[in-house]
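The chain below stands alone and is given in structure tokens; this is the form predicted alone.
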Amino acid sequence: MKVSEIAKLFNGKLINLKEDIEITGLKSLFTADKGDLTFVVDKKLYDLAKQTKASAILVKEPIEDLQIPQIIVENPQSAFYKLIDIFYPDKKLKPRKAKTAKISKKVKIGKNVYIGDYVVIEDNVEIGNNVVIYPFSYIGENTKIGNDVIIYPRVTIYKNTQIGNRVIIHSGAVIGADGFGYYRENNQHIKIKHIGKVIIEDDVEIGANTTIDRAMLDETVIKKGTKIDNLVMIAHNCVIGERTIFAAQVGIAGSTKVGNDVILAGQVGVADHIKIGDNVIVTGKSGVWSNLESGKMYGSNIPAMEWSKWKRVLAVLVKLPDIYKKLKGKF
């Protein structure tokens, strides 16, 4: 694609164009070479941008003394991400039902569906149009899958699960396993049978090896537009709001309700029966054990520090209750 064509695509202003170069790749400032397009948004990187070997660059405003073609657009980062889709399109798989797949006769399959090798699909499953199911995945009975869904290899979807449109589920994810529930009787832990379901709404993405448990009686719900990273655990009866983001290794205990547009950073742990309001941000490694009000940023993580210093801090921490008793009433 020519530089001028890229500028036109995003209604950008093109400066320093001496030759309408063919762009053949997209790279970062640090790795771009001849034929590549790159981008910059942070003014702190402008000096590095002047050293780039790229053939052209996306910028928000002109960079002085940078002689390569500059395409000036409102949001260079967003434009660059859109170009990735154009330059590196996903491979389109032709409709197929692999001979090695085991598909019940009681399955409804839409148009243009790809079903890979060794996929197992049980009774009364409904699959929409343009769905891709990669090899070795399992889909339990009474499951409904919408249109334009991608299910990567070795995904396990238990029975009675509902999946909306344009959902992406990455390898190793388990949707609809029993919740972690037991009652105690005769000095034994007795398993509680879970008969609820999982509902995944439209435009949700679920990362590799993430697990979402079915509800005991009702529904575990992941609402539309939510994005879940790898290695996340969502327990039974949880309701996760719209457009919410969970980074890797987040753990959500049972019956928790998370609002819309929430961000939980890596390794955040949330206790059971918690309510987290809309537009909340929780920083990495924080523990949430009480309800969080909407629109606030929370964090209880302890950043790494030099080990000998942390031992001194810890020695003081364990003495704080006694220090408090001595000081109480003196002020």
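Residue numbers here begin at 1 and follow the sequence given. Just so we're clear, the structure is a prediction, and the values are computed from it rather than from any experiment.
Quick note: we don't show the form predicted in complex with a further copy of the same chain, though the next part is all about it.
Trainee: Against a further copy of the same chain in the predicted bound form, would Ile274 count as a contact residue? Criterion: heavy atoms within 4.5 Å.
Mentor: Although a further copy of the same chain is absent here, Ile274 would stay clear of it in the predicted bound form, with no heavy atoms inside 4.5 Å.
Trainee: How about Ala173 - does it come within 4.5 Å of a further copy of the same chain in the predicted bound form, if we only consider non-hydrogen atoms?
Mentor: Because a heavy atom of Ala173 falls inside 4.5 Å of a further copy of the same chain in the predicted bound form, the answer is yes.
Trainee: Hey, in the predicted bound form, is Ala54 touching a further copy of the same chain, heavy atoms inside 4.5 Å?
Mentor: Flag for Ala54 set to no.
Trainee: Can you tell me whether Val59 touches a further copy of the same chain? I mean in the predicted bound form, with a 4.5 angstroms heavy atom cut-off.
Mentor: Flag for Val59 set to no.
Trainee: Among the candidate residues Ser255, Asn130, Gln162, Thr156, which is the single one with a non-hydrogen atom no more than 4.5 Å from a further copy of the same chain in the predicted bound form?
Mentor: The residue from Ser255, Asn130, Gln162, Thr156 that makes the contact is Thr156.
Trainee: Though a further copy of the same chain is not shown, can you say which of Lys108, Arg184, Lys92, Lys111 has a heavy atom within 4.5 Å of it in the predicted bound form?
Mentor: Result of the distance check: Arg184.
Trainee: Look at the candidate spot formed by Tyr46, Asp148 and Ile199 and say whether a further copy of the same chain comes within 4.5 Å of a heavy atom in all three of them in the predicted bound form.
Mentor: Looking in the predicted bound form, the three residues Tyr46, Asp148 and Ile199 all stay beyond 4.5 Å of a further copy of the same chain (heavy atoms).
Trainee: Though the partner is not shown here, which residues of 29-46 have a heavy atom within 4.5 Å of a further copy of the same chain in the predicted bound form?
Mentor: Going through 29-46 in order - heavy atoms within 4.5 Å of a further copy of the same chain in the predicted bound form - there is one hit, Thr31.
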